[in-house]
Every structure is written in C-alpha cells, then in structure tokens.
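This document starts with one chain, in the form predicted alone, laid out as structure tokens.
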Amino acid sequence: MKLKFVALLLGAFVFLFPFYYMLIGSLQAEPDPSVSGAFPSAGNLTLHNYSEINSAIDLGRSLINSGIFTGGVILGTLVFGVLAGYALARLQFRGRGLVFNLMLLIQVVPFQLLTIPLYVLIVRSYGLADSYLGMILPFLINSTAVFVFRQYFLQLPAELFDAARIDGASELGILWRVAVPLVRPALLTGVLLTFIGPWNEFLWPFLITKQQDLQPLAVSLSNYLTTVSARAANPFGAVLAGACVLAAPAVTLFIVFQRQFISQGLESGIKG
C-alpha cells in the first residue's frame, strides 16, 4: 500500500510540476531557466509580467474573444450534436447506417487536411474573414459529440418514444420534452469535452483573423512571442504569464466538474 501511494505521489508530481514551473516562471522578475529557478527567492517574485503581457496584447479583450469563439462552438456542438444524434438513434430512414459510418470516417480525417479548402470557402466564397462567425463555422458540428449523443439516445427505452408518438407529439417535441431531459449528463459531458478544443485552438483563428481586436488569446500570445517579446524586459516571464491566464479557465473547469469527469469515465467503462 505504501509503495502504491509513493508511486501515485510521484506520478502526481511529474504531471503537476510543469504547471508549477509555469506559475513560478510567470512570477519571476528575472528569468532563471536553471533547476534552481523552480524554487526562487521571495525577492524575485512579482506580478509585473502580468501587467507587461496585458499592456502588450490586452488580455481582457483576448479572453473575451476566446470566450465568444469557445461559446459559439459549444452552442453549435450541443444543438447540432443533439439533433443529429437523435436522428441517427431514433429515426428510421434510408441510408441511416451509411450516414453513421461516414460520420465515423470523418473522425480519422485531420483538420489540417481541410484547412485550405475551408479557408477558400469561408474567406473567399462567404467573405467571413475577420469575424467571429468565420472562426466558429468550421467547428459547429462535432462528430464525436454526435456519436456521444447517439449512444445516450440509444440507451433510452423505445417505449417512451412510442408512447409520445401515440399521444400526437412531433419528433421535435419528443426530442425536447422526452429525450433531452433524460440525457442531461450527456449535455454536460459535451460541454466539458468540447471546451478545451476551441479554447486552445490556434491554427484556424490565426488564419482567419488579421485584426488584433478579434484574435483569441492563443493567437495573441503567439503574435506577442514573434513580434513584441524581444523588446520586453522579461519575455520569458510575460509569455508564461499569458499561458497561465490561458490555462486558468480550463483548470478551473476541471476542478469544479471533477466529479462529473470521473463519474462519466467510470460509467463509460462499465457500459463498454
């Protein structure tokens, strides 16, 4: 038992140390990349790096942009994921199996392979460059979310849907009044699993936005690193300060909903 505890403690240290080093590095007045830099003196700790990165890229505006981008993607993922998942699970139509197999096939196609045609379509055809909609549009439908919702809808008793149809309810009415209230854990799972992707997304917002006041935090940090950081007193600390701000919402979300993460993982393991 003691050996197991020591192994778990060592594993936790290995995984948590990068976060600790990022936080300590963001507070250092003078950068110290050596091993001793992980344990700085109190006199070398300051919040100046946060004010430095804020004055360079406007952290508040960048966080709002990241929030709008992530919120739009989550909303689209939930709406289209629920609709498509319900249709694939409970509606009978020709080619349903083919559609489901194609959806699974899409998951093996890397997004980078679709970047150029998407850029041509959204920027040149739709004229949505430098807009929130242009950033959100390619991520509105998430095949993984569709699969998750489909599996949840398949677990519901068919008698519930048959009874609702006998009572004269429409398919949208059945979905909204019967199915969705019974799969609320899936909605939370969809939000938690979707959040981290768009929040950390760099490539597509970098391509689609040229105006700094529309760029998410990940893109703003990259621009700072390549253009402004050379003139900063402590560019290493300023970048780490921005990274801390970028990581804080995701870490907070995990801490708040830690039980849901664990329970969903155990539940999926038992069902498998």
Partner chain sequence: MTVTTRATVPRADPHPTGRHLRPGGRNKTLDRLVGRQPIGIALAAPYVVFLAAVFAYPLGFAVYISFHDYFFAAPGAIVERPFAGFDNYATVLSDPAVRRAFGNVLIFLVINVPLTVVLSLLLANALNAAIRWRTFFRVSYYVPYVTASVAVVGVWLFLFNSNGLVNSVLGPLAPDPSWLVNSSLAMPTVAVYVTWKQLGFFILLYLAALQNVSKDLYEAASMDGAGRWKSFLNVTVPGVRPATTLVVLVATVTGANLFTEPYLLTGGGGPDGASASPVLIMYQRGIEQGNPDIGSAIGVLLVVGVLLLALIERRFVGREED
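Here the structure is a predicted model, which is why all the values come from computation and not from measurement. Positions refer to the first chain, counted from 1. We call the rigid core whatever largest set of C-alpha positions still superposes within 1.5 Å between the two forms.
The same protein also exists as the form predicted together with its partner chain; that form is not shown, yet it is the one meant from here on.
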Legend entry - Of 75, 133, 163, 180, the one that lies within 4.5 Å of its partner chain in the predicted bound form (heavy atoms): 163
Legend entry - 4.5 Å heavy atom contact, residue 56 to its partner chain in the predicted bound form: no
Inset, instruction - Would you check, heavy atoms only and a 4.5 Å threshold, whether residue 43 touches its partner chain in the predicted bound form? - result: no
Legend entry - Residue contact check: residue 80 to its partner chain in the predicted bound form, 4.5 Å heavy atom: yes
Legend entry - residue 33 within 4.5 Å of its partner chain in the predicted bound form, heavy atoms: yes
Inset, instruction - Report yes if all three of 97, 129 and 188 come within 4.5 Å of its partner chain in the predicted bound form by some heavy atom, otherwise no. - result: no
Legend entry - Partner contacts in the predicted bound form for 102 to 121 (non-hydrogen atom within 4.5 angstroms of its partner chain): 102, 103, 106, 108, 109, 110, 111, 112, 113, 114, 115, 116, 117, 118, 119, 120, 121
Inset, instruction - Would you tell me if residue 20 moves between the shown form and the other one by 2 Å or more at its C-alpha, with the rigid core held superposed? - result: no
